[in-house]
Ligand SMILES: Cc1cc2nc3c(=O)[nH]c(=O)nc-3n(C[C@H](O)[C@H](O)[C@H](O)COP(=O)(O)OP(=O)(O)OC[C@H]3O[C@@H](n4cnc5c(N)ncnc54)[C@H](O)[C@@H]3O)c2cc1C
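Presented below, as structure tokens, is a lone chain in the form predicted on its own.
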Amino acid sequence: MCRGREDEEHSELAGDDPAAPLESRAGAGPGARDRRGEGRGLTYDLLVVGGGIQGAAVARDAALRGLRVVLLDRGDLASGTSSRSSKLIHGGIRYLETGQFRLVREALHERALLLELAPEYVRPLPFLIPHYRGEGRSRLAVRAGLALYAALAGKQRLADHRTVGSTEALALEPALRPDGLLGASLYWDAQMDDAQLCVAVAIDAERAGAALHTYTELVRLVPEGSGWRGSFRDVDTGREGEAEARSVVNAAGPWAEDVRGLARPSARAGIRRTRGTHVVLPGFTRERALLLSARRDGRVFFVLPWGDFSLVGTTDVDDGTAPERVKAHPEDIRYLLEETARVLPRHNPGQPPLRAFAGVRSLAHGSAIRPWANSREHRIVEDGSMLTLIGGKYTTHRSLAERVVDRVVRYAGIRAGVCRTRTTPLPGGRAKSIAGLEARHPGRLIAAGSLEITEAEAVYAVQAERARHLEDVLERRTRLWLRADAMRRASERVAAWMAPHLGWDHAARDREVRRVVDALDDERDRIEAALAAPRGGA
């Protein structure tokens, strides 16, 4: 059981009481097995470790096939890398430069499925690539790349790409620097609400019968008989519990080696961890995203429209820091501000961004020297009936989950239905459900500018989306993540709205607010350090 084998498949990505019986709050859903008599130590078909998009997708696929599933995460759903992405569902046009054609084709296919099956969370987005004299990729290279991109998408392409001259490019996006502008190329991809999509996938897994346990850390994992026994602890209360499972899927992302180490202490899974930083700025573009090339190192980065704001990123820097301690580095912040100002001169690189945050990619270690040239294809490491997932992309979370559950079913000899995620829509209606709570929970707060939050949103996040802490709501269930000042202003009011539903007293409310404010203070210090650094020092 402890002999490791690596599988190099091509796929692109990226208030429970755990001592109580491990059963879903939602009860048995479609395809779920009868849970009468379940209790402590029950044998599950599958234990999933990690509540990011990969773990949530595996849990949903398995539960929809009728498997008994339990998912553990030591934090909130999507609290790691899955809420700190560029928030794109895309084929990955830049991967064509490194010949990852199968990866791009699969991602484009999955993009089409997500647009069809999850329209509440995924939407088409037009992109513009400006061409400047002597800078970035040539117009000929971009034109060839877009033609190949369209060919790989086939009938699933969103719209025909086209090339425009400088006059039309400026008419489309007046904020572009006119000096040296030769024209631009236009194409389409898609944008997502990454945290809300991940939460929706996880909650649908629960609806199908999976048991979800957030803020629950796996502390021991040992082979037992033909399966595994896991011991876990609630990180808030210290309460402990156990569960047995025939198979384990380790989808802990940048923590995957730590989880694998519980079963194989000396084993390494071959993970390359890289830091991706984003900043939020006032909106500079109209409705199009910009795909730009940094002058400093030639790396691609994006300026993405989010209502009245622009999300700018990302960087790609090797980082051996413990994943939970990774933050936006001042040099990364400065890099993004300066490179943005080079193409969008209305942006003052000395102006503080509204937010600066970073996530950690867990890549399958390859031979590339530069982090951004490392393959985004996934790797599956097998230790008997435990599968560790490394690498991959957000866009292909569904197809990777299908492969993984196929393997779990084969290995364990479990009778299961066929994969249903290719055709099963992700339930929507979130806004309608929140509106249904407004009569009983009428509170509303204008947090900053166009950003607001309602009491009904906070209550819904707690009651229906597993939010257990103030940060869960402010960062991952609303749009307040776009502005630090909005989060600061809303923190006390939202904590008061959540308190009666989570049993918080005044001291607990104060702790929740302090935790959010301390994190924002640290972010502010990093931004100030970035602005104080000499220009061009990234």
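The numbering used is simple: start at 1 and walk along the sequence shown. Keep in mind it's a predicted model, so treat the numbers as computed, not measured.
The form predicted together with this ligand exists for this protein as well; it is not shown, and the discussion that follows is about that form.
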| query | finding |
| --- | --- |
| Candidate stretches 168-176, 354-362, 335-343, 431-439 - the one whose heavy atoms come within 4.5 Å of this ligand in the predicted bound form | 354-362 |
| Partner proximity in the predicted bound form: E331 to this ligand, non-hydrogen atom cutoff 4.5 Å | no |
| This ligand contact in the predicted bound form: V58, any heavy atom under 4.5 Å | no |
| Partner proximity in the predicted bound form: A251 to this ligand, non-hydrogen atom cutoff 4.5 Å | yes |
| 4.5 Å heavy atom contact, E217 and this ligand in the predicted bound form | yes |
| In the predicted bound form, the one of S247, S310, T81, T388 near this ligand [non-hydrogen atom within 4.5 angstroms] | T81 |
| Option touching this ligand, based on a heavy atom within 4.5 Å in the predicted bound form, out of V49, L67, M487, L470 | V49 |
| Interface residues of 55-93 toward this ligand, as seen in the predicted bound form [heavy atoms, 4.5 Å] | G55, L72, D73, R74, G75, D76, S79, G80, T81, S82, R84, S85, S86, K87, L88, H90 |
